[in-house]
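Quick heads-up: it's one chain on its own, the form predicted alone, in structure tokens.
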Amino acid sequence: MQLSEIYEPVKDGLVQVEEQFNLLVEGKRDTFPELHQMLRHVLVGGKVVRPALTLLAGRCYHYDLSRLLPMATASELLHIATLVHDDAIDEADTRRGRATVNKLWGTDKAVLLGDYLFARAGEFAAATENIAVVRLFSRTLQIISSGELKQASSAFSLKQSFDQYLERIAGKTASLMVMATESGAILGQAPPQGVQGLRDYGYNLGLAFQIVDDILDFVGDERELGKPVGSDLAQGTITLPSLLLLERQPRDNPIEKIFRNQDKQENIRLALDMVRNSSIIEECYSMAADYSVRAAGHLKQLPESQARRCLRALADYIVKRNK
């Protein structure tokens, strides 16, 4: 399935999520022109994976768009807020091929914009008037913040394990997908077994998604990535390909030299070449595929439906990106 086919059962909801974004942007046109420009910069275009997950999860049971729309909107706003903060922390110049907020408006304003988006996301979550969903939103924000703190603390450290890597990407990416699928299940009035199944699906899907993202940082095209290849290495972030390279070559490893700021650009090039010319990429894709299969396995707890088939197809699609 193509993404357009996967999103077909919830395309009406995705259109309305975009409409919510447009209302946020246009609502500040006259009263706060600078905020209007900043919101337009981050809210126009981009991916809609998380809103689609919320809507598809709800579609598996009782699809009431008036109940699901606020949380679908909140899930993407929360994601965008984390990206704005990430770029400010990393001092990144580009995101998805465009200048970042911190590049255009400065780090201080980027952090404040991220805070504003967090607050607006919380407002949308509260609009569900479902205490379980509001608690889930709050818990997810805590997990993300804690994960970012741990990533900052471990930057440029070679003493990291596979378990620590998994914990980090669970907080960074999987937690948002868990929030999207679990909230959709709750608002779709799924039984406890269905809520748990969709929660577990979101967790494993998030791990698969992030592993593929980490692979693409080594083998992707800069124009498609919208950022320089090897950005994680430059920022001192250990990912799965890096871990495997360090494991294979514990001595005289270019990653060690990058982290010691020794001839950084040349050693990034060497690390990229070494990973590309080994079996590491295929091993990482294999691991991502394992998590994708686990995600799909949890869907067996759900009733047969078009939405369930689309969630299954999404799990397949995620691990085939740029392979």
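We number the residues from 1 along the sequence you see. Keep in mind that this is a model prediction, so the values were computed, not measured.
Heads up, the form predicted in complex with a further copy of the same chain isn't pictured, but that's what we're talking about next.
Chemist: Identify whether a further copy of the same chain in the predicted complex is within 4.5 Å of every residue in the set A170, V219 and C284, based on non-hydrogen atoms.
Modeler: No: no residue has a heavy atom within 4.5 Å of the partner.
Chemist: May I ask you to choose, among Q160, N130, S231, N253, the residue with a heavy atom within 4.5 Å of a further copy of the same chain in the predicted complex?
Modeler: For this set of options, the contacting one is N130.
Chemist: Counting non-hydrogen atoms within 4.5 angstroms of a further copy of the same chain in the predicted complex, say which of A289, V48, L270, L35 makes the cut.
Modeler: By the 4.5 Å criterion, the partner-contacting residue is L35.
Chemist: Since the chain is shown here on its own, which stretch among 173-181, 238-246, 197-205, 101-109 would lie within 4.5 Å of a further copy of the same chain in the predicted complex, judged by heavy atoms?
Modeler: That would be 101-109.
Chemist: Could you tell me if N277 has a non-hydrogen atom within 4.5 Å of a further copy of the same chain in the predicted complex?
Modeler: The answer is no: N277 has no heavy atom within 4.5 Å of a further copy of the same chain.
Chemist: Is E148 near a further copy of the same chain? Define near as a heavy atom within 4.5 Å, in the predicted complex.
Modeler: Output for E148 is yes: heavy atoms within 4.5 Å of a further copy of the same chain.
Chemist: Indicate whether a further copy of the same chain has at least one heavy atom within 4.5 Å of a heavy atom of R120 in the predicted complex.
Modeler: Taking the distances in the predicted complex, the answer for R120 is yes, it comes within 4.5 Å of a further copy of the same chain.
Chemist: In the predicted complex, does Y165 come within 4.5 Å of a further copy of the same chain, counting heavy atoms only?
Modeler: Flag for Y165 set to no.
Chemist: With the partner left out here, which residues of 62-80 have a non-hydrogen atom within 4.5 Å of a further copy of the same chain in the predicted complex?
Modeler: Residues within 4.5 Å: none.
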